[in-house]
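Here we start with a single chain on its own, the form predicted on its own, put down as structure tokens.
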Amino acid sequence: MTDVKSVNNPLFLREEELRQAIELLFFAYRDFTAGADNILEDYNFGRAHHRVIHFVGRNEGMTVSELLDILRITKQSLNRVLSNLIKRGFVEQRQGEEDRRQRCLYLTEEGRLLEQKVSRAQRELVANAFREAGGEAVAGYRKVLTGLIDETHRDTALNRILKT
């Protein structure tokens, strides 16, 4: 692997180093999603389906409103994907116990199996990269990704991630 230039002072990065970091994100995302995309293709699903299955699986019983807040997409876009997942038996929707107007989301058994299959490939990829990089790099990686989350949403995102 070609080393990306490093700077002794991390507070001053040249434009070229920033461009390299952005390109690394593009390439990493491409390869991170490739295995999942191949699996999803067998179901005629895309990345939007994957995101819904992922977040519903990690937050069983979440409301449609909470999912909209996480994904930051329109109701119309979510409805299209969610309706497909419900119709095909991967997600089920139940009335809220405290507020009957709420629509709470759960993975079905088939949805859980798909989520596990898709996430297994991604977990293995991330685990291998973490092992290769070492503990200090993993901590730095988390700090960088945390820094990329919009500051106004950072605490909410971190609380959601760290709750499990």
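Just so it is clear, the model here is predicted, and its values are computed rather than measured. The numbering used is simple: start at 1 and walk along the sequence shown.
Although not depicted, the form predicted together with a further copy of the same chain is the subject of the following passage.
Participant: Would you please decide whether Glu132 lies within 4.5 angstroms of a further copy of the same chain in the predicted complex, comparing each non-hydrogen atom pair?
Facilitator: Output for Glu132 is yes: heavy atoms within 4.5 Å of a further copy of the same chain.
Participant: Report yes if any heavy atom of Tyr106 sits within 4.5 Å of a heavy atom of a further copy of the same chain in the predicted complex; otherwise report no.
Facilitator: Looking in the predicted complex, residue contacts with a further copy of the same chain do not include Tyr106, since no heavy atom lies within 4.5 Å.
Participant: So, in the predicted complex, is Tyr43 in contact with a further copy of the same chain at a 4.5 angstroms heavy atom limit?
Facilitator: Judged by the heavy-atom cut-off of 4.5 Å, Tyr43 is well away from a further copy of the same chain in the predicted complex.
Participant: Is Asp37 one of the residues lying within 4.5 Å of a further copy of the same chain in the predicted complex, judged by heavy atom distances?
Facilitator: Because no heavy atom of Asp37 falls inside 4.5 Å of a further copy of the same chain in the predicted complex, the answer is no.
Participant: Go through Glu60, Glu97, Glu110, Asp69 and name the one with a heavy atom inside 4.5 Å of a further copy of the same chain in the predicted complex.
Facilitator: The residue in contact is Asp69.
Participant: Using a 4.5 Å cut-off on heavy atoms, what residues in 27-64 are near a further copy of the same chain in the predicted complex?
Facilitator: In sequence order, Phe27, Ala28, Tyr29, Arg30, Asp31, Phe32, Arg51, His54, Phe55, Arg58 come within 4.5 Å of the partner.
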